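In structure tokens, one chain follows: the form predicted alone.
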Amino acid sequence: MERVKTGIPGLDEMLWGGFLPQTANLVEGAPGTGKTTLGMQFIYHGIAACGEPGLILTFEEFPEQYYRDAASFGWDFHQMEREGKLRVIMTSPEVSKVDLERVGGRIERLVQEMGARRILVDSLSHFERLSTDSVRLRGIIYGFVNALKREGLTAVLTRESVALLGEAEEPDSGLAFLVDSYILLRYVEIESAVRKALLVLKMRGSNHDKGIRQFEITSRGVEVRAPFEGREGIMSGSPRRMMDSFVQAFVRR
């Protein structure tokens, strides 16, 4: 099956080759876990390695922030914009929602003019101010996500999580139903050091690696590494050493 590669070492293997085309893929994590970096890397790889122009739709950061952050990884977003392969758009959920609902909106025009195939939406959390009613809010997000798919885009959608360390909040089951894949990023404390963990919670229409892996943000971007071994409770933020079968068999009696 055709896949849309993220270009992130280790993650494409977990996704069995990458995202499926024209899907909405949620990346959720606490501030600083690397959600935006992961999304920018997805956009950069599409342009640099796959010939797929991309859009970045931001509701909170000025475009200059993305240029600076990208440059720190060696990604020249300024040059990509000059070549017509990238556009960074600062807008609001209200404006982008209306834009996608009408024929000939800004995003539709850019998709057609650039031949855009990928989009990063940073962040979906800002849609929460559109309605206090959870059912209506899911309807708004559902319409937005489907509009991106109709434009032929494969989307990475970021979302803030309030969970830092300790017991993590339950994933949003309503939002999980709306998206095609759901990736969780978490901080975990192991032996007085904070590490980062990644889990592919769901992937519609495809199998995937269900292990919990360590990842780091390096000078080249996000790199997903080996699974956590010999521990349980990783995604709660408070991992414990797993007892071997001999000890379990006798001590727990």
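It should be emphasised that the depicted structure is a prediction, and the values quoted were computed from it without experimental measurement. We number the residues from 1 along the sequence you see.
Quick note: we don't show the form predicted together with a small molecule, though the next part is all about it.
Interface membership of K196, defined by any non-hydrogen atom within 4.5 Å of the small molecule in the predicted complex, is confirmed. When contacts are judged by a 4.5 Å heavy atom cut-off, S192 does not count as touching the small molecule in the predicted complex. Remark: N146 does not count among the residues lining the small molecule in the predicted complex, judged by a heavy atom distance of 4.5 Å or less. Taking the partner from elsewhere, G46 is found to have every heavy atom lying beyond 4.5 Å of the small molecule in the predicted complex. Residue heavy atoms within 4.5 Å of the small molecule in the predicted complex occur in exactly one stretch of 70-78, 176-184, 83-91, 135-143, and that stretch is 70-78.
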